[in-house]
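Consider the single chain below, provided in structure tokens and representing the form predicted on its own.
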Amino acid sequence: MGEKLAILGGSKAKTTPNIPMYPGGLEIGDAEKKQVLEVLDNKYLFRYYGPKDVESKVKKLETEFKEKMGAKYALATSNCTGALISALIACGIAPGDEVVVTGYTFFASCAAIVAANAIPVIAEVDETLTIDPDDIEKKITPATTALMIVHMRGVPCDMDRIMAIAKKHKLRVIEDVAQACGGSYKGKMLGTFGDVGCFSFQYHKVITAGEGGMLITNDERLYDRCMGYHDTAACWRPDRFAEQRYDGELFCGSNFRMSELTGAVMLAQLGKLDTLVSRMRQNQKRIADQIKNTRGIKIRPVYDPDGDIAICLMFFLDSKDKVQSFVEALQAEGVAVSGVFNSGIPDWHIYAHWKHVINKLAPSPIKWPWENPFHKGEEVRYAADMCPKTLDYLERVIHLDIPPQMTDEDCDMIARGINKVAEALL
């Protein structure tokens, strides 16, 4: 007979406070203050018009970031959505083109495709909860020009198969690394496989300035075009008023420039990335080692476990009907877990709740980009149940954040709680 569950009046398995999942945010301190104060003291708030004898924090961040990721070029942006849109435009994605994207990602991945005047095609995930290469193949049509690959919840996609598919069909690849900064696949950093890799520095991400983004590429022409789109005023050009140096250099863009204050915070945060990822990996492993053989639980498989940044631990139950009671019992034990998908609770990380796309909603009477004379394929249709495998996986998953600030005691209490509840309910 096991221990009495806390939900039934027993003692809690975890008695320490739960730590919010703001990995880099909780580490903000003297290093960030120093960088920001230098910007303010120098009165240098905008990288293109600052004092001549002061180095731009944003420019320095770009240099350090590309070196860390092993890319030739890096471009700081105001947010990751702007980086994704800039990448799609730079890659030449045209009105009416189809872009395949996973059904499990924050809605911004899909919204960026629409903002680039392309049509999102939603694909299934596999058991890793990243995009299913088999379904990518099924979703490719004559109108498909790109893949939006999302390294969801910190783990790498199957980049060998994905890049082979892209090569076979001559598709561009944009990597959304918003939730996996610092991750890798077979020793190569995420974001360096596709044509462009895009990162987020929003407050929930591993390193943060509250908001911000970055894109990296090894293609000089794509870098030029990304700069052009992210800065429509063309401040970056050697002579902003000169004729274009090559066909496709000059075009109307937007404004996704990063401020010097954001760049200052991110310079300090970038120096903490390796430590944060290392701590999360240690914490995740400590918990996983104690529950990997627990009856009724299957830890999410990963294509390259060494490349997982370990921002969370996700495990499957064998039935969706057991998830709610398991979550409630584990929360009563003092462990901050949650289910992932409930059809009655909106969550913009799951395609079934993307009403803007499913219903093809637009800000004008023309349902652009879906009503599009340039679209070469059949009408792209959506439904809340169009990716049944994705919904089945997500309905059976338990999600646990892994803050780097957790102690070994925290990890052991969490594992004890999971095992306690599993013994009683599974």
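Numbers follow the displayed sequence, beginning with 1. Predicted model, so just to flag it, every value in this text is computed and none were measured.
Unshown form predicted together with a small molecule; subsequent notes refer to it.
Checked against the small molecule in the predicted bound form, the residues Thr262, Ser200, Gln269, Thr217 give one hit for a heavy atom within 4.5 Å, which is Ser200. In summary, among the residues Cys80, Leu276, Leu129, Val100, the only one with a non-hydrogen atom within 4.5 Å of the small molecule in the predicted bound form is Cys80. Checking 130-138, 72-80, 290-298, 318-326 against the small molecule in the predicted bound form, the stretch whose residues place heavy atoms within 4.5 Å of it is 72-80. Contact annotation: Tyr185 falls outside 4.5 Å of the small molecule in the predicted bound form, judged by heavy atom distances. Proximity of Ala108 to the small molecule in the predicted bound form falls within the 4.5 Å heavy atom cutoff. When contacts are judged by a 4.5 Å heavy atom cut-off, Gln179 counts as touching the small molecule in the predicted bound form.
Although the partner is absent from this view, Lys205 contacts the small molecule in the predicted bound form, with a non-hydrogen atom inside 4.5 angstroms. The three residues Leu84, Val150 and Gly212 all sit with a heavy atom within 4.5 Å of the small molecule in the predicted bound form.
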